[in-house]
Ligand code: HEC
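Just the one chain here, laid out as structure tokens, in the form predicted alone.
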Amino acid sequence: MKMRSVIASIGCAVAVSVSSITPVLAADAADANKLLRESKCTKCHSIDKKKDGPAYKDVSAKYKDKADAVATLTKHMTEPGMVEVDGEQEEHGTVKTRDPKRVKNLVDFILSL
């Protein structure tokens, strides 16, 4: 009887821990996709196919396990810069928001792919 109580307590603790972490990690996919469209990102990028720019799934795979992934992607999406397209340098656009929550949501969404 005592062992069941201990196991039940551990199970509850794990469930509470996981449920309190999940909302922080979950990205709002609808808002992220809306921001991608509003910012014209989908002209050069798609979720799973390479266009002029890499697919977001490839971006996720490249950065997912890097400690500076969020900072790197945030900077790339919010500060003007140059990228190479077909061997030529081109200006890379920025997302059409300055709301840090929407930008963070977009980065989290990309890294979740």
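Throughout, we count residues from 1 along the sequence that is shown. What you see is a predicted model; the values in this text were computed from it and never measured.
There is also a form predicted together with this ligand; it is not shown, and the following applies to it.
Taking a 4.5 Å heavy atom cutoff to this ligand in the predicted complex, the contact residue among Ala71, Val85, Ala61, Ala30 is Val85.
When contacts are defined as a non-hydrogen atom within 4.5 Å, none of Lys57, Lys66 and Asp108 contacts this ligand in the predicted complex. In the predicted complex, none of the heavy atoms of Glu79 sits within 4.5 Å of a heavy atom of this ligand. Of the heavy atoms in Asp48, none are within 4.5 Å of this ligand in the predicted complex. This ligand in the predicted complex comes within 4.5 Å of a heavy atom belonging to Lys43. Proximity of Asp99 to this ligand in the predicted complex falls outside the 4.5 Å heavy atom cutoff. In sequence order, Glu90, Glu91, His92, Gly93, Thr94, Val95 are the residues of 87 to 102 having a heavy atom within 4.5 Å of this ligand in the predicted complex; the partner itself is omitted from this view.
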